[in-house]
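Below you'll find only one chain, the form predicted alone, shown as structure tokens.
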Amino acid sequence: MTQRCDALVVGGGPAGSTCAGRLRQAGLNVIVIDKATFPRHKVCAGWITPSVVESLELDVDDYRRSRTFQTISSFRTACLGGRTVVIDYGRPVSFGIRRCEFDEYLLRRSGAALELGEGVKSIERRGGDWIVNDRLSSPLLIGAGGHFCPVARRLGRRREIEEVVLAAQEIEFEMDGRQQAECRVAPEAPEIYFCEDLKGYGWCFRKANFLNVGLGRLDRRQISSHVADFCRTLQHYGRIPQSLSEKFRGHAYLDYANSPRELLDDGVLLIGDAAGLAYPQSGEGIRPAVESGLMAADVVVEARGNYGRGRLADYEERLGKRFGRRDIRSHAQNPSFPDIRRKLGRMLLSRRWFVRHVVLDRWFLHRHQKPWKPADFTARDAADLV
């Protein structure tokens, strides 16, 4: 016997939970399925901007009562081997979170029915419904399962375009007393170090007693060697402890500018990393995940039960207006400096004005963009959907 719902969301991360919660507010019966059980470990540097807090309508006092919520007011940046630049904003400009806590909080808050610990084994189209695992049925399927989302595989991509995959490895662990004494990273000041060839960057970020260290690159070759060299450099200069308590874990993602994935079809949408929406300069995926989840939910409500491709097409239009038109190319581009030569790039990364107003304000914090405001609707707007 199949269990039917109004919307079936595959993936319980920030994109899926945000979309599910928004649809629940509109009165839809929503199920979220995820192969993981929550809380789950998630590889991610883990910081969110005030815009994300506002878009999520996050109750900060409630959230931080029993969870990590590290205030960020400054940054240390450098090109590896180059001059360090410290930018102090003098006020909070971001907040550090642990994804194991953040994702579970959003998922439980969504109010959706949860099917956790079950991977997607099959997706079929029968009549006007999507059938997942031969037991979950819905006219609307939303893919939010990250880079390897099975819904994204089902939708496919533009065949003439090769996916440009960015790869990263990182760790996050709670430091013991000795490690804390050896760590010179200030909790309020994450450190960002661009690779010498400018094809990626590494970071170290302290959240109270937790330390997150990682590196991401456009060039996936020998990434483990790059990560090992990066850690040795940080240890040599005493930035991080000499011993690290965890093994590095890897993940992959697509940046929005180069993602060739189809985003929608009849009765189906992709959001978050499943759609390949990470910012090309920083690789950040949380804000695009949250905003795409809100956009998708608004389009679904406005469609009023007609989920044909034409009625859902406005979702792609809204993504374009928010994040820019996708510049699909069949060859890899440097995500940080597509048109700047290496020597000029290294020079710019030593200039305070460039680091503050371009690298941090625009690429990492996106302070030029106002928080995304979802459309106003009530449960009555969903009357034609249920």
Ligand SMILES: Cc1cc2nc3c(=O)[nH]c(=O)nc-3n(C[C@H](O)[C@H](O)[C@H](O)COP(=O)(O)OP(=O)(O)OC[C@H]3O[C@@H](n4cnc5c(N)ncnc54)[C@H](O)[C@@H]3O)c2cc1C
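Don't overthink the numbering: it's just position in the shown sequence, from 1. Please read all numbers here as calculations on a predicted model, not as lab measurements.
In what follows, reference is made to the form predicted in complex with the ligand, a form of this protein that is not presented.
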Check your understanding: Is there a heavy atom of Leu349 no more than 4.5 Å from a heavy atom of the ligand in the predicted bound form?
Key -> no
- State yes or no: in the predicted bound form, is some non-hydrogen atom of Phe38 no more than 4.5 angstroms from a non-hydrogen atom of the ligand? yes
Open item on the list: Whether Cys44 contacts the ligand in the predicted bound form should be assessed with a 4.5 Å heavy atom distance threshold; does it?
Closed with: yes
* Give a yes/no on whether Glu118 approaches the ligand to within 4.5 Å in the predicted bound form, heavy atoms considered. => yes
With a 4.5 Å heavy atom cut-off to the ligand in the predicted bound form, the contacting stretch among 353-361, 63-71, 45-53, 22-30 is 45-53
Checked Asp298, Glu284, Glu172, Glu191 for heavy atoms within 4.5 Å of the ligand in the predicted bound form; positive is Glu284
Heavy atom within 4.5 Å of the ligand in the predicted bound form, from candidates His226, His251, Arg76, Arg261, belongs to His251
Applying a 4.5 angstroms cut-off on non-hydrogen atoms, the residues of 9-41 near the ligand in the predicted bound form are Val10, Gly11, Gly12, Gly13, Pro14, Ala15, Gly16, Ile33, Asp34, Lys35, Ala36, Phe38, Arg40
